[in-house]
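To begin, one chain is listed below as structure tokens, in the form predicted on its own.
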Amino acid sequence: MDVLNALVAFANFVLVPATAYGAQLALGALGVTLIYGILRFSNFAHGDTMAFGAMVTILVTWSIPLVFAWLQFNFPTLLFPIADWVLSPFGVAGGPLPTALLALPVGILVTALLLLGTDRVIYGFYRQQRAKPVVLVIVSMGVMFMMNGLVRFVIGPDDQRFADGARFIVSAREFKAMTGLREGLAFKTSQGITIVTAVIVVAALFWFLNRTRTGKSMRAYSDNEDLALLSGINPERVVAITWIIVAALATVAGVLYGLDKSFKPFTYFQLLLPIFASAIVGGLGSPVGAIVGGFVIAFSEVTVTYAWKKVLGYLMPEALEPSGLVQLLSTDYKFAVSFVILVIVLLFRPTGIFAGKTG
């Protein structure tokens, strides 16, 4: 029985949170690796792109109840029953799902327009000048600070909570009642949505890249730009579609992270380190590597900063039970874990696990 309690405690505090966090990092790292693979530069503005997409989604989420009330007041017999049926699964109408999922397409659309406009005004100019990748990296840092300032100006620097609907799929109390164990397993709705959404998004992305003509054009452009141009591939179309996909990945990742934790603009700035670490550990330029790297970084951060006293207390004899927390690092230093792993990989295997692009 103690072994089962230890397994449940491990799942509750390590396995489930790390899996959800790994899915969020994987989606973020996919956006970074697509930009690097196709546009040939490291986009330091990606974390703040996630923040911008999440911000737009939050603002739309907050406006939906007002629209819902307006429809209810003005069209009580015609349009409102239809709106009620559409909204019923979501928190705005008392359903279990967060309303942010309903606002997500608008967040993706606005973020895509922002990235396409930024590319046309800024990145496109430097591409025409055939600027070196390091110049584009520096430019992306400027864009990063501009986006960060814009998000803080619009929504403020403080925490913004926008999750509604059911908080848990299974609560710790319900789990204890079902199993009779001392330890409870709490599986949050945001964690379940994160895992399911990540699987769907990744499957759709790989299908698009491998099965569609546009996706194959993007892969050809990534592998050999000159040969792709000779084959008649339109580079501007490839670039535009890349930014649209990156906007979708960044917005989904940003919203899922905000639902699971909370939304704070500076947090997304900090999140850039584990996202880049995920992409580089997996192999910068490799989509599969980005996914694997995301889970490597997530599980490393969570396991190193978790206090193992409870799990070891179940597994060890009473005389040998630890008196301390058995915590290697405080949670305040979780991003330092990403940095250490990143340095080790760059020193001993700079191409990453899946030997991504190095230049």
Partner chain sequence: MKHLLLGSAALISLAGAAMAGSHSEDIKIGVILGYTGPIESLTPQMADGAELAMKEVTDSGKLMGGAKVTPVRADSTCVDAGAATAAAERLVTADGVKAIMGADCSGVTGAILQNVARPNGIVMISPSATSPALSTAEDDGLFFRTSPSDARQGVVMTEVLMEAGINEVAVTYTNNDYGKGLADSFQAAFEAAGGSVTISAAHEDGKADYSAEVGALASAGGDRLVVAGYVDQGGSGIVRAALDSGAFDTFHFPDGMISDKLVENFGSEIDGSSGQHPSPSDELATRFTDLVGGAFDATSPFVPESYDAAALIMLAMQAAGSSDSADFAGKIMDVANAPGEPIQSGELAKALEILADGGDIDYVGATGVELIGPGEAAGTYRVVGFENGEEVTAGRK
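Residue numbers count along the first chain shown, from 1. We call the rigid core the largest set of C-alpha positions that still match within 1.5 Å between the two forms. The structure displayed is predicted, hence computed values, not measured ones.
Quick note: we don't show the form predicted in complex with the partner chain, though the next part is all about it.
- Only one of the listed residues (L97, L209, I241, A186) places a non-hydrogen atom within 4.5 angstroms of the partner chain in the model of the complex, and that residue is A186.
- Between the partner chain and the residues G117, G180, P76, P157, the one pair within 4.5 Å by heavy atoms in the model of the complex involves P157.
- Though the partner is left out of this view, A307 does reach within 4.5 Å of the partner chain in the model of the complex, counting heavy atoms only.
- The partner chain is not drawn, but in the model of the complex it has no heavy atom within 4.5 Å of Q72.
- Among residues of the shown chain, S63 is not one whose heavy atoms approach the partner chain to within 4.5 Å in the model of the complex.
- In the model of the complex, the partner chain stays beyond 4.5 Å of every heavy atom belonging to T214.
- The stretch in contact with the partner chain in the model of the complex, judged by heavy atoms within 4.5 Å, is 330-338, chosen from 49-57, 330-338, 289-297, 63-71.
- Taking a 4.5 Å heavy atom cutoff to the partner chain in the model of the complex, the contacting residues in 10-32 are N12, F13, P17, Y21.
- Relative to the superposed core, A336 shifts its CA atom by 2 Å or more between this form and the one not shown.
- When the rigid core is held fixed, the Cα atom of Q327 travels 2 angstroms or more between this form and the one not shown.
- Superposition on the rigid core between this form and the one not shown places the CA atom of Y306 2 Å or more away from its counterpart.
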